[in-house]
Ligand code: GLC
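One chain follows as structure tokens, the form predicted on its own.
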């Protein structure tokens, strides 16, 4: 072995060993997540009673803490139908769903034994709402995710709100922090034992360090019981995938696995005054951008306190489901598509890279153009239809290795009402010309 390469290889092994202690991208464990592409996030809690900001309403002093917590008296879940929820999620095309088991306000949706602040004990619903939902998800073939807030702004041993003068320093009251660690880790152990989530979606890690949270211990607590569980990145670096929030990445993220979480309107939970609903077209184009860059979309809905889901949210999920069903070949199990500059829109590839899928924005009918495609096109068609296309190669010079431009016209009759997908079957795995032109 070359003496030059040996130190480089040794350095790679050392760095990789250190990295694997904090983030494990095990190919088998992450396989389903990478293929899933779409998840449905659900923010449901006492904040839906008055339609206030989830936990942040009292943190930002829009409402005092006592009035915020009094909402638990109006959380009835009277029309809660977990089977309908699960069927709607499945109809959307989502492969997993994440429900808020406990937000920053500290109210648990299951019958926690660590304290009395829970929906079963304190609300008129008087029931554990997690168990039937997870049961319904699994019945419908949907993976189960558990959102869990590490912080708890209501717990007496938590060091207060960041804007609260009563916040204590951990070094001054280690006994309080020790009690709180026992509490929140005990709740995690309960969820793990009772529900065995496929995915953990942590939140609130920003208030303390990995050492203070005992992040490695929390990770072991979960993986010792379920080695296949996936953890998001909000455990101070001890997770498996990145979680950009609301903002669509313009450049492909460096993480091998990532997920964009985004609301249906401008808020996570139900708020009656927020009618700024995203349209199905907007959601679908955002989704296409995410998968084109090798990621997932975790799309949020916010049910009312009685458990009903508003018609606007239902419509979005159903239309998303229609579009996903028609174009599932280009979505689920795909990999990220062409680098920027080759096509004016999102794209994906089959796993063997022999089929290229082009997503046409704004109902564009053409001419569609692909640059730098150093492949022969065996067949071009509009996905979900019987429409075949005839590619036209422009600018190919016989004595040059530089490929020509591929132009295609798409008949308006073949266009999808939201976003059309073209399928190009290639003669071999995708090969691109990335040069600057010339001879």
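Residue numbers count along the first chain shown, from 1. For clarity, every value in this text was computed on a predicted model and none was experimentally measured.
Only in words, not in the display: the form predicted in complex with this ligand, which the text now covers.
Peer 1: Though this ligand is not shown, can you say which of 200, 268, 287, 359 has a heavy atom within 4.5 Å of it in the model of the complex?
Peer 2: Looking at 200, 268, 287, 359 one by one, just 268 meets the 4.5 Å heavy-atom criterion.
Peer 1: Which of 241, 85, 147, 213 has a heavy atom within 4.5 Å of this ligand in the model of the complex?
Peer 2: By the 4.5 Å criterion, the partner-contacting residue is 147.
Peer 1: Which of 381-389, 51-59, 397-405, 366-374 has heavy atoms within 4.5 Å of this ligand in the model of the complex?
Peer 2: This holds for exactly one stretch, 51-59.
Peer 1: Thinking of 91, 320 and 323 as the candidate spot, does this ligand come within 4.5 Å of a heavy atom on all of them in the model of the complex?
Peer 2: Looking in the model of the complex, the three residues 91, 320 and 323 all stay beyond 4.5 Å of this ligand (heavy atoms).
Peer 1: Report whether the minimum heavy atom distance between residue 37 and this ligand in the model of the complex is within 4.5 Å.
Peer 2: Output for residue 37 is no: heavy atoms all beyond 4.5 Å of this ligand.
Peer 1: Do residue 68 and this ligand share at least one heavy atom pair within 4.5 Å in the model of the complex?
Peer 2: Residue-level check for residue 68: no, no contact with this ligand.
Peer 1: According to a 4.5 angstroms non-hydrogen atom cut-off, is residue 168 in contact with this ligand in the model of the complex?
Peer 2: No, residue 168 is distant from the partner.
Peer 1: How about residue 261 - does it come within 4.5 Å of this ligand in the model of the complex, if we only consider non-hydrogen atoms?
Peer 2: The answer is yes: residue 261 has a heavy atom within 4.5 Å of this ligand.
Peer 1: Does anything in 91-113 come within 4.5 Å of this ligand in the model of the complex by heavy atoms, and if so which residues, in order?
Peer 2: Going through 91-113 in order - heavy atoms within 4.5 Å of this ligand in the model of the complex - the hits are 103, 104.
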